[in-house]
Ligand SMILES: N[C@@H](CCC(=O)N[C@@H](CS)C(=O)NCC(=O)O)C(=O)O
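Here's a solo chain for you in C-alpha cells, the form predicted alone.
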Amino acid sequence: MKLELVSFAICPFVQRAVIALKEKQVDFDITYIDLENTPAWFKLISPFGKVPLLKVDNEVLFESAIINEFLDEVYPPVLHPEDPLERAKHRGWIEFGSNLLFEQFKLVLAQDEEAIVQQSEVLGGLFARLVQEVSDGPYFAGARFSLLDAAYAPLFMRYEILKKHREELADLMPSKLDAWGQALLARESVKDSVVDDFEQRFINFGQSKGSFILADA
C-alpha cells in the first residue's frame, strides 16, 4: 500500500501518526498544507476540514486515533496491549490525552495573565488525574512503548517549549509525568516526528494568534 499523510506542520494529532509509522518503520510520504488556506483538493477529501488524513492508495482515512488503529492492525509490531480490557482502557486514556491537547492549546492561545492562571489550573487538575494511571516507567504501562505513548508524546513536546517561557509550568506537572515525558522525548521516533524548525514554527504560530506566553519569545 502507498501511504501519504496530509499534515499541518505543528499539528499534534498528525504527529501521533508519524510516530506510529516510524515505530513500525513503514515508508510513507507527507504533504504539508496551510490550514488557513486549504487547497481545493483537501476540502473534497477531508470530512471535517481537519488533519491528519491518511491516503491509503485511493482511500482516505481521517481522525488520528482511527489512523493509528488501522496502522496497528496492518503493520507490525503491534503497539496496543494484547489484552482486550487493557486495550480498551488505553483507548479511553488516549481520548483523555486528546482533551489534554485541546486544553494545552487554550493555554497557548491565552491572551492575558488571568487567562493563563485559569488555564494552568485546568491543566493541573488533568495532570493530577492522569498521574494516578501512569506506571513507574519508563512508559505509560511500563517497559513497553504503546500507541498511548505515541498519543501523548506531542503534548510533552509542546509543554517543554511552553516551560521555557513560563518557568512555573514545570511545577504544575507531577514528577512521574515529567519522567514519562522525558522518556518519550528521548525516543528516536518522537524526535524525528516533526519538522526541523518545529519549535520556531510553534512559537510563530502562537504569536500570530496573540499568545501571551509566547509574545516575547
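Residue numbers run from 1 along the displayed sequence. Note that the coordinates shown come from a computational prediction; the quantities given were computed from them, not determined experimentally.
Just so it is clear, the following notes concern the form predicted together with the named molecule, a form of the same protein that is not shown.
Consider residue 96 of the chain shown here, and say whether it contacts the named molecule in the predicted complex, taking contact as heavy atoms within 4.5 Å.
-> Output for residue 96 is no: heavy atoms all beyond 4.5 Å of the named molecule.
Distance check, residue 187 to the named molecule in the predicted complex, heavy atom within 4.5 Å = No, residue 187 sits far enough from the named molecule in the predicted complex that none of its heavy atoms falls within 4.5 Å.
Non-hydrogen atom contact residue 194 with the named molecule in the predicted complex at 4.5 angstroms = Answer no; every heavy atom of residue 194 is more than 4.5 Å from the named molecule in the predicted complex.
May I ask you to state whether residue 49 is within 4.5 Å of the named molecule in the predicted complex, using heavy atom distances?
-> Yes, contact at 4.5 Å.
All of 13, 35 and 63 with a heavy atom within 4.5 Å of the named molecule in the predicted complex | Each of the three qualifies.
Which single stretch, out of 50 to 58, 24 to 32, 162 to 170, 176 to 184, brings residue heavy atoms within 4.5 Å of the named molecule in the predicted complex?
-> Checking each option against the 4.5 Å cut-off leaves 50 to 58.
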